[in-house]
Every structure is written in structure tokens, then in C-alpha cells.
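Next comes just one chain, in C-alpha cells: the form predicted alone.
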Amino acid sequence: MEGWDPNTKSTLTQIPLLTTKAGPRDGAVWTQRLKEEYKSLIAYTQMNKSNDNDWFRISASNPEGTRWTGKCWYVHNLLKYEFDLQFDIPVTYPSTAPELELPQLDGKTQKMYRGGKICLTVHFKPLWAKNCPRFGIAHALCLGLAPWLAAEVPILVDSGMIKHKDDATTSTET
């Protein structure tokens, strides 16, 4: 954690670490891991809300907890940009991090793979591997998606690749 800014370090230390090493194929042990994932996500969400830094909503979209969907947003120049968020838990989880997808941004930035999967290979994947199985979904959002949004959304807005929803409705009305 050396080299990280104090805010990131503080946030990360408050997200509960997970202990169960299990993936979707592991039956009852996966259920235990899923409970830990929810506890970690709840703690992270509560911490964000208490710090007035609420920036995502997600939930499992199937009973097995292998498909997750929701919304994430980023505020740039006092305007809120909201995106659909989705990902699947890989069968090799937690050894393999989930690939976070923002389908609305597919093809709009070089830091993205086909299907709207954000690029996390260089910085995040080694960190995930080093901290397996202690990291979970909340950690992927905190250390993967949050910095990606902070780096990419301002560039996409300033280059005109994405427009604020109010700008888009105004331009279609005229």
C-alpha cells in the first residue's frame, strides 16, 4: 500500500477482508463466500454514504450470485454521469477478478475491451492476485472501477465522447 494516497489507504483498510476461498462451483462454501461478499459490500456502501461519496448500486441478479448488475456514476464539473454496471463472477473466482463492464461506454475509450469491459490488467490484476482470497467485489469496485472512472470519465466528457443526459435532451429538442 506504499505509494497510495492516504484517502485510498484509509478506504481500503475499512473494507472488510474475506476469508473463504470459494467460487461458484463450490456449493455450500460458495454460499459462505457470498455472505462475506455482501457484508463487505454493505460496509463499503455505508462508509461511502457516511463520507458523502455514494457512487454505485449493485446487486446479484441471479440467485446463485454469479451475475451482478447495477449503476455507477461519476460527478465531473458538477454534473453526474451515470452508467450501467454489470459483471459475471468467473468460475475461477476468487483467483480471477471479475471483469467489470460498462456497456454504454463500449468503443469510446482505448482503456476498454470488447463488450464494455474496463481495462484493469496492468495495475489491478497483480494487486488482486497478491491479495487472493481476501479481496472481493467491494475491493474490485474500490481499487478497479473507482480509479478507472476518475481517470476516464473526464477525458471522455472533455473530448465529447459522452454527453450529460441534460445536454443530450436539450440537443434533441432543438
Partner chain sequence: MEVELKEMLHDLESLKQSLPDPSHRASIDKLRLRVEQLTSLEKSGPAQRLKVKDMSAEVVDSNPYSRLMALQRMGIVENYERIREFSVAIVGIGGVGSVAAEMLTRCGIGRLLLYDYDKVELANMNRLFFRPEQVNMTKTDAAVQTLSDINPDVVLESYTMNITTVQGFETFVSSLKNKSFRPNKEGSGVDLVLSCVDNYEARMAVNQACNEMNQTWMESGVSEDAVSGHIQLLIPGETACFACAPPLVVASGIDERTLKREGVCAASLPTTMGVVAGLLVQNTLKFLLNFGQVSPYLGYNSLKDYFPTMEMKPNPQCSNVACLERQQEYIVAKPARDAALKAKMEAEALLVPDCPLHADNEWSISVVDDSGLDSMDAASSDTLPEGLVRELPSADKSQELPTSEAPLTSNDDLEDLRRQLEALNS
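Keep in mind that what you see is a predicted model, and the values were worked out from it rather than measured. Positions refer to the first chain, counted from 1.
FYI, the form predicted in complex with its partner chain isn't displayed, but the following is about it.
* Examine P126 and determine whether its closest non-hydrogen atom to its partner chain in the predicted complex is within 4.5 angstroms. => Contact check for P126: yes, within 4.5 Å of its partner chain in the predicted complex.
* Just to confirm, S159 within 4.5 Å of its partner chain in the predicted complex by heavy atoms? -> Flag for S159 set to no.
* Asked: Does Q86 reach its partner chain in the predicted complex if we count a contact as any heavy atom within 4.5 Å?
  -> Because no heavy atom of Q86 falls inside 4.5 Å of its partner chain in the predicted complex, the answer is no.
* Is L105 one of the residues lying within 4.5 Å of its partner chain in the predicted complex, judged by heavy atom distances? -> No, L105 sits far enough from its partner chain in the predicted complex that none of its heavy atoms falls within 4.5 Å.
* Asked: Are all three residues Y38, T66 and A97 in contact with its partner chain in the predicted complex, where contact means a non-hydrogen atom within 4.5 Å?
  -> Yes: Y38, T66 and A97 each sit within 4.5 Å of its partner chain in the predicted complex.
* What are the residues of 90 to 128, in order along the chain, with a heavy atom within 4.5 Å of its partner chain in the predicted complex? -> Residues within 4.5 Å: P90, V91, T92, S95, T96, A97, E99, Q110, K111, M112, Y113, R114, K117, C119, V122, K125, P126, L127.
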